[in-house]
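Take a look at this single chain in structure tokens; it is the form predicted on its own.
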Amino acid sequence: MIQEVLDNLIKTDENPAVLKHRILELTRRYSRLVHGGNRPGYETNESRKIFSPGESGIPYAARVFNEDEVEAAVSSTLDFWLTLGSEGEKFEKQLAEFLSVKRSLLVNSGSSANLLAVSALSSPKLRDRRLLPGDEIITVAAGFPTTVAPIVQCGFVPVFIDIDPVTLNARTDQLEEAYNPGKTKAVLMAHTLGNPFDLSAVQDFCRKHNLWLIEDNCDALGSLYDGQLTGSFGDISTQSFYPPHHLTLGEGGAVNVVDNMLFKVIVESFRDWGRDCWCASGVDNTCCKRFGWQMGDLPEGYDHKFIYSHLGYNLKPLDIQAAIGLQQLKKLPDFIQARVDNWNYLRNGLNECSDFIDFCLPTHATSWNPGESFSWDNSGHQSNPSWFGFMLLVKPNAPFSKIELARQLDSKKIGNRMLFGGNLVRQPVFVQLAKDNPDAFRVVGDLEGSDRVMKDAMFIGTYPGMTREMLDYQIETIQGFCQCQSH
């Protein structure tokens, strides 16, 4: 049957443009038939598989897309440019415009974005502000490992401060204690589960000590701090486009250059093999002096396309991914709102579990008020998260443990996750690192908050593919478990 359709297409459409149009029409029809379950949960769609509580699984996160993304991927594949090209250029431009930053550079993952951001701080092009081996970067102990791993991989020293278990973000009161004059050169932190960290305090600290600031914005695309999008505060910020995140390219990420365009040159060099040349793939002589350079100990006139100013990598994504991303960007405002709406729905529905479970608060919030509002501290600052997940922090007096709750959710096919690596210094890799080199990292304080989150916290999903039926089932399951355990 399929071969017959294809044979008929070839017979009737000799014009490549007409044939491509027909292929894409069929692609959209196919996607509507097959991928209905991946559409946004706020849409009404007959092709969506009916949710069956206890039988249908609820992932903590998943790809959300429709026929637009599938058509874009097939169209780009038919053109077969493959490597980063015109689609990538458009995506980078539109992402930078969304964030109100100077430039966004696509890479193959959020982890690679963090690696490039940290590597960039080592560039000789930064002159007296470059980081040298042994210099220190302040970060937090609880989070995702590849926020921290690049610090060690690049020869620097992570200095771990604790987190507040309720906001999941850095205890900024520990920043001064973490500061080591002459050695501390940067701060690198993530906006955990989409909740902005205290950007006011961190920025003030960085300005006071002339430190670089890298925002790991991988979980927080669309989050606001004082009305400004996260990812636009630091010197550099990073994004991830892995399927659980706010938009997806399958794999992929980005490094955002907030203001200083020197970082564009440096990050691009580290991303593209370490070369000094800034020509795009397939383009020659952008500088109009390709054979007019003399750098290092190379002979004068050596081809600029093969001059290397950094020990770089090859961390580019494919143009096909960027084509998908362009369609995802169109949906991003709705995706962000869906995450906020889903978090609020869960918070309202689970309020009666507050005797046993603490819930996350946005940074600077002091309490949650029924009806989707918060009370705020007297700092004058507010944060509005685009939530990556919904935290459940089991209280010490609860008649059950986090593990027991997680097992219950698993048995009901409700996806759940720990807060990533928990307290990272407890992870085997850091235990071994400390044995191999006691000076490999520093710890400030007892990390009590990080240990609490590691022991007692987990999260469930808020992603835009969730329907009200899924959210209601999660609420019903958690409420029922709490009630059963309390008797």
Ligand SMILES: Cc1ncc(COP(=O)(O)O)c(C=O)c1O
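On a predicted model such as this, the values are computed, not experimentally measured, just so you know. Throughout, we count residues from 1 along the sequence that is shown.
Not on display, but discussed next: the form predicted in complex with the ligand.
Taking the partner from elsewhere, no residue among His246, Asn384 and Ser386 has a non-hydrogen atom within 4.5 angstroms of the ligand in the predicted complex. Note on contacts: among Gln408, Ser109, Ser76, Gln328, the single residue with a heavy atom within 4.5 Å of the ligand in the predicted complex is Ser109. The partner is absent here; in the predicted complex, the one residue of Ser237, Asn342, Ser240, Thr139 having a heavy atom within 4.5 Å of the ligand is Ser240.
Remark: Ala190 counts among the residues lining the ligand in the predicted complex, judged by a heavy atom distance of 4.5 Å or less. The ligand is not drawn, but in the predicted complex it has no heavy atom within 4.5 Å of Ser223. Under a 4.5 angstroms non-hydrogen atom cutoff, the ligand in the predicted complex lacks Phe430 among its neighbouring residues. Under a 4.5 angstroms non-hydrogen atom cutoff, the ligand in the predicted complex has Cys218 among its neighbouring residues. Partner proximity in the predicted complex, defined as non-hydrogen atoms within 4.5 angstroms of the ligand, places exactly one of 199-207, 145-153, 313-321, 334-342 at the interface: 145-153. Taking the ligand as it sits in the predicted complex, the stretch 405-435 comes within 4.5 angstroms of it through a non-hydrogen atom at just one residue, Phe420.
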